[in-house]
Each structure stands twice: as C-alpha cells, then as structure tokens.
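Here's a solo chain for you in structure tokens, the form predicted on its own.
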C-alpha cells in the first residue's frame, strides 16, 4: 500500500512539473531596452510574459554596451521592444545582429518601436551634425516621462502582444483587461480617482479619454468649473482636480534648470518651463563659461529648482546651488533607479513628489 501511494505521489509531481513546463512554454519572452518599457510590459502582459531589460534603472540609457548576455536574451526573445528615436543607436544593432534571431529584426512582428504613436517633441527642423552635440535627429527620445505617452506605449504593447498571442483568445482577453487596468491607474494618478469616477462612472476606463482630450486642449479647468456649476444647481458636492495634475497646477509657468535635455516631455505635460540645461549641448559636460551663464540666469530669473538624474555628477549642480540658493532635485527617470520607483506610475509619482517638496521649502 505504501508503495502505491509513493507511486501516485511521483506521478502527481511529474504531471505538475509537466504542466509548469507547458505553462512556461506558453509565455512570451520579451526583451525591452529600458526598465520603463519592462514595467509597462509586465503590467500589460501579466502571467503571459517573461520580461528582461537591457538597461537598468540607475544607468544612463545613452551609454549601454552590447554585452554577450544581451545577445543571449535576444536570441530567445519573441518580442524586442525599444524606446526608439535613436536612443539605442549605440547598442541595439550589435545585439540584434549577434542574437541571430530573425523574429525580432526591425520590421518584423517581434520588433516593436514604442515611439510609433506617441506625442513627439523637439524634432529638428534642420540638418543635424556632431557640432550640435548628441541631438537626436528623430526627435527627443525621453517621451516616457509624459504619462499621456505612457498610455500610448501601453496600448501599443498590448496590440503587439495580442498579435503574437492571436491563437489564444483567453490570453488576448487577459491582455485587454490588464491594459485597461493599467490605463485606469495612470488616469487616476494623473487626475485623481474622484474626477475619473465623475467622468467615467461605471463605463470602461477608456471613457476617461475625455479628460485627456480636455487636458491636451487646455480646457480641463474650464470643464471642472462648468461641472461644478451644474453640480451646485443639483446640490451635489463639487469635484476637484486631484492627482499629479492637481499637485502641479500651482507651479504652471515655473522655470526650472535641468542637467540634460531629458525632461522636456515632463515639463510640457505639467506646464513647467525649462529655462536652461547644464549641458551646453546635449551630451556635452558643463563648461566653466556655461556654468557662469547659468548662475547669472538663475539669479536674474529667480529660478527655484534644478532637476537632475541621479547618474550625473553633483559637482556642477552643487556649485550653482552654492552661488544661487537653487534647490537641487535629484530624481530617477527610470523604474528601479531608486527604491521608490518600483514601477512606471511610482516613478512618475516620485519625480512629482520631489519637485513639489522642493518648491514648498
């Protein structure tokens, strides 16, 4: 009898093991170039994906080396997702070529450029050359720092995952469900859960698109005023703009200094003005003469905040702070760049929290 139970146990374990192997085989292997794309892909793909990121959160994405291990990841990948706009120009091609994986070549279904449908800024209108620094000829690639673009990236990834999983209707429905949940999370973080509920009610999360349309048209404040006028007539409590937009409204028009030309999208979304960058040209370290000019501008225009990524040296920012009293806001612009940036939404939240705190001092 004892041997019989032992035999059944072994068979049961084998079956469980085979089921686990089958489940793993059904997952898509995804390689992203950044941790932000990894975070969004994991939110959308859920249990249907295994995701690895080439660049880690604390690294400067402009300076990644094409290591052999990345080619191994790419060799086994079903999908490669890049930021695009030539951010990965220094390492993507060697990795893809070294992987010998035809499925993820540019133009194939297994290759997704996440910038395909985003709201793009700073596309050069004239010929670009090296004398201008590391200017990206296809537009500024730091677009993930606009949460509106975060929604667009999520939708692009969802569509591509569904294309690759087209034979499994249940998985495709799961992708749609995850995508809607992710977009709702961004919407509530951006506008506040109360306002999203006011406009969405019990409708799908996509009905909050209306809030973004108003935001993009500069009519969101007008909409809230009109909504509250109607609610007052009905003896209903007023609604307020919450979330990131609510926190940042008080600082619209505020001038900031940045280290690199990496916060253009963030500034554009929240109404900040990038008055100057510490790099005299993109990718060129601050020179003494340029720092003198920045110090003069900060003092004359009474600029209160200098925002910089945590992988840059603090030497030049500290000098400017000493001469002007400007607050230095050290942030990560990618998931995993510090402990509080655990996913895409908390990464954006982290930047806003630090900026608002610096302005309140």
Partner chain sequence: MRFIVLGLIIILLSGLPAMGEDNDKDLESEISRLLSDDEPAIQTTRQGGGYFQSLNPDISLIIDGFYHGDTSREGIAHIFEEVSGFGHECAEGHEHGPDKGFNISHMELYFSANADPYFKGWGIAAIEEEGAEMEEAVIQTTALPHGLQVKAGKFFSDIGRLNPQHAHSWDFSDQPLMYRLTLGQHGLNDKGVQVSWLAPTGFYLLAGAEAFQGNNETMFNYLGTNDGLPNKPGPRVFTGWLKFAPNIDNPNHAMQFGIFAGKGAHQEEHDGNTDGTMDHWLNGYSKFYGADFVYKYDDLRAYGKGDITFQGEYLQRQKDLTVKSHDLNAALIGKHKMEKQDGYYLQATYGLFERWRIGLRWEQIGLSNEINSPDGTSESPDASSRMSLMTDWSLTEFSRIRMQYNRGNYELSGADEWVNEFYIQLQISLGAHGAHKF
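Residue numbers count along the first chain shown, from 1. Values in this document were obtained by computation on a predicted structure and should not be read as measured data.
There is another form of this protein, the form predicted together with its partner chain, and it is not shown here; the text below is about that form.
Participant: Only one of 249, 163, 177, 236 has a non-hydrogen atom within 4.5 angstroms of its partner chain in the predicted complex; which is it?
Facilitator: Exactly one listed residue reaches within 4.5 Å, namely 163.
Participant: Consider the chain as shown here, without its partner, and state which of 197, 117, 232, 219 has a heavy atom within 4.5 Å of its partner chain in the predicted complex.
Facilitator: Looking at the other structure, the residue within range turns out to be 117.
Participant: Report yes if any heavy atom of residue 58 sits within 4.5 Å of a heavy atom of its partner chain in the predicted complex; otherwise report no.
Facilitator: Looking in the predicted complex, residue contacts with its partner chain include residue 58, since a heavy atom lies within 4.5 Å.
Participant: How about residue 275: is it within 4.5 Å of its partner chain in the predicted complex, going by heavy atoms?
Facilitator: Contact with its partner chain, no.
Participant: With the partner left out here, check for me: in the predicted complex, does some heavy atom of residue 85 sit within 4.5 Å of its partner chain?
Facilitator: It does: once its partner chain is placed as it appears in the predicted complex, residue 85 has a heavy atom within 4.5 Å of it.
Participant: With the partner left out of view, is residue 65 within 4.5 angstroms of its partner chain in the predicted complex by any non-hydrogen atom?
Facilitator: So residue 65 counts as contacting its partner chain.
Participant: Look at the stretches 186-194, 238-246, 219-227, 150-158 and give the one with heavy atoms within 4.5 Å of its partner chain in the predicted complex.
Facilitator: The contacting stretch is 150-158.
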